[in-house]
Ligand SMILES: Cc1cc2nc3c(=O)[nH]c(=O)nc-3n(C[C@H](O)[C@H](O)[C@H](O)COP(=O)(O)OP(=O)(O)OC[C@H]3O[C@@H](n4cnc5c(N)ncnc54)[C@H](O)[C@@H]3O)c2cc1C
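Just the one chain here, laid out as C-alpha cells, in the form predicted alone.
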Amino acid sequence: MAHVVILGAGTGGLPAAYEMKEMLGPAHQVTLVSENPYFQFVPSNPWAGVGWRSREEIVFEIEPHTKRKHIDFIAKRCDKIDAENNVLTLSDDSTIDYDYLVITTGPALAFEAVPGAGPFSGFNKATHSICTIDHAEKAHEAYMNNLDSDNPDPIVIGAMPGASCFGPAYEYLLIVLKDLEKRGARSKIPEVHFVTSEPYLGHLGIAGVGDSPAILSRHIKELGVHGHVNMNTQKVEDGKIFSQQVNEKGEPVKEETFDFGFSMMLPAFKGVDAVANVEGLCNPKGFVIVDEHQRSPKYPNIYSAGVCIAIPPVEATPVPTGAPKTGYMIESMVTALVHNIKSNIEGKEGKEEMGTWNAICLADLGDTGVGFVALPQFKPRRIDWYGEGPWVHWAKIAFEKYFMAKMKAGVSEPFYEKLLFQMLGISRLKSDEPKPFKKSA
C-alpha cells in the first residue's frame, strides 16, 4: 500500500485529495494536511473585502467532506519536511511518513519585501490584503472605518513590486468603486489611485490577454481613477505609501507619495518556510522546482502544483513582476500529477502526463465583469480572448456556487464538466487536447 500525503488544502490541495483517492481507490492511503481546518474559496475574497460575502458563505470545514471520501485529514501546520527520509514533522512534533508527497501549500505573503507594508504593521492606517479570508475581513473593517469617518481620505489599491496575481487588484478596485456608488458615497472619497508594478495597465503579469490593456485602461479612466504604472513601491508609513516610478530601462523618473485612508496593495509571494527550507527543492524565493510532469527533479517522489511552484516571469519588466497561476491552470497541474503518481505506483514507465496550463478567468466588477480565455496561459497561445459584460458578473456568482458545491461533494471534475470543456476544445491534460486537423493528400 502506498501512502500519498498532500500538503495544503486550498484550491489545488483539496481537489488533489479527491482526485487522488478516486484514482488510487481503497488499496492506497491518502492523507490531507492543512494548517487550517477549513477550505476558503479565495476568488470570492474581493467580495468579502467590501462586505458582499460573509465568511460563512465562502468557508466550510474540511473534515466532514474528506471523511466521507475515506481521506485522512490532519489540521496541523507542517514545520519540517525531511525529504531524504520521507517524513513530515507537524506543529505538535508529531510525524507522518509518506511514499509520495504532493505540495499544494500556496504561497506565503512577502509583506516584509516593502518595509511597513501589510495589515499587521501596527499602523492605524495600514495597507491591507485580500489574499485570505482573514485579510479580506480586516480590509473590509478598514474600508468601512475610512468611509464612516467625517472626512474620508483617498483610497489606494494596487500591487507591490514582485507581485504576480494582478487580477484580484483590478477586481477589488472596481468592486470598491461599485460599492461606493451603491452607497451613494463615491463623492465622499477625494481621490482613488491604482498603483501597480505592471509596465502598463492590463499587463496582468502575462503581457496581457486579448484586449485586456484597452478594456481595463478604459474602465479605470472612465471611473475617474488615477492609474500609475511602473511603480516601485519602497516603503509604507501610517497612511502613506512611498513609491518611485521608473522608465522602460528601470531608471527612476519620479518620486510619488500617496496619502490614504484605506489601501489594499497585493504583496509579492514567496514559498512557505517548511517547503523553502528543503535543500534542492526550491528556487531562491522558496517556490518548488518541478519538471513538465509536476515532479521535483531532486526528489522524484515529490510533486507540486499551484501558486507554490516556480515559474519564471513571462518577460523582464522595469519593475519586477511575476507570472500568475490561475484556477483552471492549477487544476490541470493537479490532474497531471495525480495521473503520474498512479502510473508510478503501478510501474507504468513512459505514461506520464502533462497539464495544459490553460487559463479561464472571471472577474466581477460589481454589476458587470471581464473574463478571459488563454490556451495556454503563456504565449504563444492557441486561443487569446478577453471580453466583458454583465454575463461575467452572473457567471462568476454561478461558478462560486458550483465550485463550493463540488468541493463539498468531493468531486474535482464531474463528467459533465469535462465533457463541456472538451466540446469547447479545453482540457486539463495535453493528451486530451484536440489534435490539429490534417488534410488528406
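The structure displayed is predicted, hence computed values, not measured ones. Sequential numbering from 1, following the sequence displayed.
Only in words, not in the display: the form predicted together with the named molecule, which the text now covers.
- Only one of 114, 290, 362, 195 comes within 4.5 Å of the named molecule in the predicted bound form through a heavy atom, and that residue is 362.
- The single contact residue among 186, 342, 140, 76, judged by any heavy atom lying within 4.5 Å of the named molecule in the predicted bound form, is 76.
- Proximity to the named molecule in the predicted bound form, taken as heavy atoms within 4.5 Å, picks out 299-307 from the listed stretches 212-220, 277-285, 299-307, 146-154.
- In the predicted bound form, every residue of the candidate spot (10, 105 and 168) has a heavy atom lying within 4.5 Å of the named molecule.
- Interface residue remark: residue 36 is counted as part of the site for the named molecule in the predicted bound form, having a heavy atom within 4.5 Å.
- Although the partner is absent here, residue 272 sits close enough that one of its heavy atoms falls within 4.5 Å of the named molecule in the predicted bound form.
- Using a 4.5 Å cutoff between non-hydrogen atoms, residue 66 does not count as a contact of the named molecule in the predicted bound form.
- Though the partner is left out of this view, residue 321 does not reach within 4.5 Å of the named molecule in the predicted bound form, counting heavy atoms only.
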